[in-house]
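Next up: just one chain, as structure tokens, the form predicted on its own.
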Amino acid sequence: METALKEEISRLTSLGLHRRCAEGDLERVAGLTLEINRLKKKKNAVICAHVYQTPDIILGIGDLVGDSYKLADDCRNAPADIIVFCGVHFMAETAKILNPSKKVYVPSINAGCSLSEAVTGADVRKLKADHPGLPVITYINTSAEVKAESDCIVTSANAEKILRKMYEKHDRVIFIPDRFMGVNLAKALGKTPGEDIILWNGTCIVHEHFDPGLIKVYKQKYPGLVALAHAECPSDLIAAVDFMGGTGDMMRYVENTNASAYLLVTECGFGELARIRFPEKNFIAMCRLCPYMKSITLGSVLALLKDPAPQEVTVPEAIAVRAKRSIEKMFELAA
């Protein structure tokens, strides 16, 4: 085995990746990560990796790793000519909006999002016409076109904070597109859906079908278990867990507590990453795969770096300028 490959296997092992690879698979992974990292350096590319990606991508090739907010913040003025976004299309659009002079790519044509696809710019324009004067607060899981029609973008990590600030100046707001997150936020803020907060009927295919009845079963089976759920989950499930938040919030909660076990109700990639970061802690599986996120592989990243042209992400300038205002408003209010 060549020296470079041995060193790459050693690097990946030191990061804990060997604990998530099938026997004999680490050598194959190391061969891919070695070539990807060589090519990204040659082409002055930076790789953004969302926490729902697989550990081989996050640990093996990711330069910027985090949830939607962190990646959006980190990729502002990213020190590279090329941004390869291992996430979904709307995230890459955000990166392009914040870095108009850079080339931005997604390594899979199938990396969409059910929430992003649930609402269009025309839908938002109609909502504004039906509710004149109300500010449009939009979850980041949306297209650039929708962001351009919005007043402020939010993530699951900062939505409650930003909405509180919005309600200081407005009696009513429009929140799109995640209906479940909107209901959960309304409850936290003491607002009434349909009255104080106008919602849209979008949902996440990963989070909408978790069974709240299983929370009680897990808690009975594992005394001392703490259940954490993503804010995109339905409110009856949120009522059954101990903590609701975005993936960054959930990871910090795990880091700063010492429960006997943790139940992470979100996409499976997050649980894989938590197990690697905290091998001494006990995690119980209750997750679902996101087919959009999992359409990205080391192989697709390598193919992209070899021939990036077919998968470039572009945003028309007129839309990008307006969308950037709503994104920058998020950074301002979340500070």
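Fair warning: this is a prediction, and the values are worked out from it, not measured in the lab. The first residue of the shown sequence is 1; numbering continues from there.
Keep in mind the form predicted together with a small molecule is missing from the figure; the text below concerns it.
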Candidate stretches 48-56, 306-314, 28-36, 275-283 - the one whose heavy atoms come within 4.5 Å of the small molecule in the predicted complex: 48-56
Touches the small molecule in the predicted complex: Phe85 (any heavy atom, 4.5 Å): no
Partner contact for Ser156 in the predicted complex: the small molecule, 4.5 angstroms, heavy atom: yes
4.5 Å heavy atom contact, Thr138 and the small molecule in the predicted complex: no
Non-hydrogen atom contact His230 with the small molecule in the predicted complex at 4.5 angstroms: yes
Heavy atom within 4.5 Å of the small molecule in the predicted complex - residue from Val173, Met91, Leu237, Ala148: Met91
Check all three, Ser68, His207 and Thr247, heavy atom within 4.5 Å of the small molecule in the predicted complex: yes
